[in-house]
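Heads up, the chain below is alone and in the form predicted on its own; it's given as structure tokens.
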């Protein structure tokens, strides 16, 4: 009898015999969500009635708490507990240096220092949310204020290299730029942005003896569990963290916040479950945000359009004790060929809430500069913007010299141009009218790096032939449940209805979580490995079972389809085999780790955006009329969920170009826009015709399935296409995003329009 390791079964995902991989399958958890029966973190029913916590936040930007008057709050109806930095239980100290990927202690209300406006400085817990909210308003803090640095533009002169970073140089940029026959340089600015997820950060926590259970809204399961255990100074095995349904993440829930730590502490102190949810206003300051940027671009080219020099230097900001850097220059290192190059970053420390990762960190901001600069250079050269980009298409990675694993950027641009009708674009601005509207076309390239992280997964088949997938992965609305079910069904040859998916639990095999566009590839690759191992185990079981029609056959000849295992014309149902030969079921483990040669390749996802806008020269209003994105992002697991991710990103790109941004009130350090009434994102009426097309692609250098991510690619470059279309419509360039009517009107008036 052959061992399960003596043969290698054909990869069913590659042949896709059942046709499930790539199919537009409805969301696995969709019915639960639309019927309101999918419990989010705050909605989880604890084992006994819960108490409700409300955070109290600072009203100054920098200083020290000198006193906290809690008497009125403690005497308020229903109040069970009031904490300040002077009374909060002991926690582990925060390490001096933290690494995003490593768990570390994150104490709440840790000292009397105020580091930004809106920082959590107190907690009130009461028998009802209403009582807790009312009592929280009665807590009075006295502060010793200190001068705060709040306005990014006023402190650019204090910018320094981020810790451990320096500029990346290839060739002699300065000399090449000075000698270039055609040059272009400019400064682009992007504002602070907030994540604004539909579900606020929230936690429900309770203890059973020395064991803690927390349901919380975070993107990373295992790291958050370990960090909470370190903070509470208890063994990590005593913390079970669950995050089964998440109402949007976008990177803002890649970190945990005071709701998690304080809910756990309060539940232990009160010996009853505690629920804490941030308010919408608190979501703007207690959680992280995308920092503002100032991006300086310089391009040098020959008269025929070949880049000879390229530079992108980004200055961004973070909290005074933070280190997060918006790496808005990194993408430029792999996008276009130029023999002389300079890219780098500068960091300004401010007394603002912490900056952090937000959907497509780096590319989302950075491409709003370079992809507009390329458009401006094309006009200066008298070239079509697509022609200029194709002319500067690199054969290998322009900075590392590594070969590309696969690169279909030119195909994205060419096919997109044909589908969009780019040949109808008039290169001279302001030539097309539709009633009162000036109409213009714009385009931009898209690029986003591809990553694969270590992960594990387990598959279990029971006596009914039902496959259960178990993995400590998360689903932030991106379709993780669904694609894992598709991989399992395709690998084991069972209907989708015969697959169960369990994720979002620290007790399940670990996965890195959702973020960085690595989720589907990482989780899916581990799932494929587990499925293949279970497939082998089932084949071995069948040919060794004297009661099976497959007895005595070769395991590598066993096929799986429609819930049936077979060798040629001999077959039986999978459930019958398991019920007879392994009534307790079979389990198989799988894992994925980056290949040893993964660093030998330059791996990215690509796309091209095309946009048509209308500009009203009287009001300065811009309307997105039509938008198309064409993308190359490896094997697509689910057409419907992938398209949803891409179009969602494109809409976010429209927002970045036209409406989205926040500002700091220099008097207090507070954010001007603190809710969804004033923080403007597009609504249905703002988005015209929108479509995303995915090219056929399998990147065999990326992972065993040849898949990549799409969640962040859609926003990358999308806003630049809008900005370029605005210029084509009316001849005005606005380099300070968002391109609001007042900025556009100023440009139109300067042109005498």
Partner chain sequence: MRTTITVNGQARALDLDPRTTLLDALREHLRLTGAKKGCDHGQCGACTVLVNGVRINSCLSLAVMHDGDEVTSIEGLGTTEALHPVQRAFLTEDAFQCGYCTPGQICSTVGMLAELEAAIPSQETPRGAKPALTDAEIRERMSGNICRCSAYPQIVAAIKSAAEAMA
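Numbering follows the first chain given and starts at 1. What you see is a predicted model; the values in this text were computed from it and never measured.
Another form, the form predicted together with the partner chain, is not on view; read the next lines as being about it.
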query	finding
The single option of 643, 346, 236, 327 touching the partner chain in the predicted bound form, heavy atom within 4.5 Å	643
Heavy atom within 4.5 Å of the partner chain in the predicted bound form - the one residue of 74, 675, 174, 111 that qualifies	675
Candidate site 524, 562 and 635: all three near the partner chain in the predicted bound form by heavy atom within 4.5 Å	no
Proximity to the partner chain in the predicted bound form (heavy atom, within 4.5 Å), stretch among 548-556, 273-281, 98-106, 178-186	273-281
is_contact(residue 647, the partner chain) in the predicted bound form, heavy atom dist at most 4.5 Å	yes
Partner contact for residue 195 in the predicted bound form: the partner chain, 4.5 angstroms, heavy atom	yes
Contact label in the predicted bound form: residue 65 to the partner chain, heavy atom within 4.5 Å	no
The partner chain contact at residue 689 in the predicted bound form, heavy atom, 4.5 Å	yes
Residues of stretch 658-689 in contact with the partner chain in the predicted bound form (4.5 Å, non-hydrogen atom)	660, 675, 676, 677, 679, 681, 682, 683, 684, 685, 687, 688, 689
